[in-house]
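Below: one protein chain in two forms, given as structure tokens, structure 1 then structure 2.
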Structure 1
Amino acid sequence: MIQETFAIGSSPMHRMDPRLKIVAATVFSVQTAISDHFLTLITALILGVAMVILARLKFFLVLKRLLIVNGFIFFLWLVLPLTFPGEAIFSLGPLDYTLSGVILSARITLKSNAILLSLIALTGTSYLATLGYALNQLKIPDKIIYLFLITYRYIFVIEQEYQRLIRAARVRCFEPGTNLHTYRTYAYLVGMLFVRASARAERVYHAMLCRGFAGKFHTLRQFSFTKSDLVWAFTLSAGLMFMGYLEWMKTTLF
């Protein structure tokens, strides 16, 4: 099952209105993604770290998530400077390690970490079901919300079906390797997984119809926008406007 570890807590970030979290995370991520200047990106990273600190999240768990993303970014540092045109810093045989590639890699690193930290601190501190209800009150199309909630609910079931098929293959003495038999077996396994998922979807749909489902989920859960949420809204808006100001100034410090 998906472990919603960060959703457990009583910090100011946990108590914030989920609707405000979604809007703030979306705007922050978009603004960070379209920014180019290093001072803006460093500011975004600092804001992301500050939000994680305010959420009182365990450092080790946050670092574990960051390592997964930065493991991929590490390969960008190996590839981009060697393939991006620009002034060479040093050469590796026929390949030049360019300054432009290093700058691009640094921007991607800052953007990725800042966005990930903000998403952990904002959306990660709410349960996925709560985010679904909040999206409903933000007037997001119903079908998107249903797809989000049902996928979250049944992805565990599909994973259990996959494990059951793997166990059945192992009982039959299947040993994976780099041969045609292994590729064919995994192809059959994936095909059977799709068949079982389709059959499960039909059963779930009929069960929902039996319970009166008419294309809309009804919820009695309501969110209240408190004074503290208003303070958070102004604070986050000020941080975003400051980032926009830094980007607009086109600073030449870096």
Structure 2
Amino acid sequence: MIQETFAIGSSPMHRMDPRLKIVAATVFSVQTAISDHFLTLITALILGVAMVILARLKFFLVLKRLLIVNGFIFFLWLVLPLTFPGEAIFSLGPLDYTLSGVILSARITLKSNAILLSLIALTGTSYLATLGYALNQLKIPDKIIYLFLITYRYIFVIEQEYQRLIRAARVRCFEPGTNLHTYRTYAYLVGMLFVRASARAERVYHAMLCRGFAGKFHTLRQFSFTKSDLVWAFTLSAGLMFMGYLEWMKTTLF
């Protein structure tokens, strides 16, 4: 099941103006991605952890998410230290586990997880529909917002349709395995998904036209930038400026 795991709640992070969340998540991600010094990255990680704690999310769920998304990072820890030239920490037969590889892996791990945590705490704590309208207010073109909202609206429907098709296949004793029969079955299943999606799209669009649709979804919801949002904006900017300061300090020192 597709779920918006972290969107439910009433913590300070959930109450923050979604426009501020999007801007903050973008600036934080970009700044963390282009920083290189360990002190900066550790600060970023601490900021990320702090935001997740403030969002009062279920610890277990956040941990599970982190473990899943860190798959590629584990792979880097295996490969980078073995393939990078440099001073060996220890040797595995002919292969050297090098310090430079370890440093690079550690840097990537810190960056990646700091950004991940910030995304969970900031964008993860809003419903996608809310984010869509917020993006629209941030001057993202109507057309792509329309596409975004309609996609969001239908992923749940299509997912249920997929579950129904899979159930039907199971009832017919379909056992997936590594063979052509399995791939053919899945291909037909996905093909059916596309056929039904297209038929549905036509019906939906006609229904929308009947209701006077003119190219934009309107919302009655007004976003308000409150005093606490102002405080948040200052706090987050201070954190980001501190990160920038650390990065600049290091480059001037060494």
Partner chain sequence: MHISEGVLSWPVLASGAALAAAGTAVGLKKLDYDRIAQAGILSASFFVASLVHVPLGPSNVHLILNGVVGLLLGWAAVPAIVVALILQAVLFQYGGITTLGVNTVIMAGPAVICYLVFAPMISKKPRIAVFAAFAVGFFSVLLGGIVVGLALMFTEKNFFEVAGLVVAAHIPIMIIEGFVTVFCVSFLKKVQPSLLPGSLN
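Take the two forms, superpose them, and find the largest set of C-alpha atoms that agree within 1.5 Å; that set is the rigid core. One-based numbering along structure 1's sequence throughout. Model, not experiment: these values are computed from the prediction.
Visitor: If I had to pick the form predicted on its own out of these two, would it be 1 or 2?
Guide: Answer 1, the form predicted on its own.
Visitor: Arg203: CA shift of at least 2 Å between structures 1 and 2 after core fit?
Guide: It does shift by 2 Å or more.
Visitor: Honestly, after the rigid core fit, is Thr185 moving at least 2 Å at Cα between structures 1 and 2?
Guide: Yes, Thr185 moves 2 Å or more.
Visitor: Do you see a C-alpha shift of 2 Å or more at Leu165 between structures 1 and 2, with the core held fixed?
Guide: Yes.
Visitor: Rigid core superposed: how many angstrom does the CA of Glu175 shift between structures 1 and 2?
Guide: A shift of 4.7 Å.
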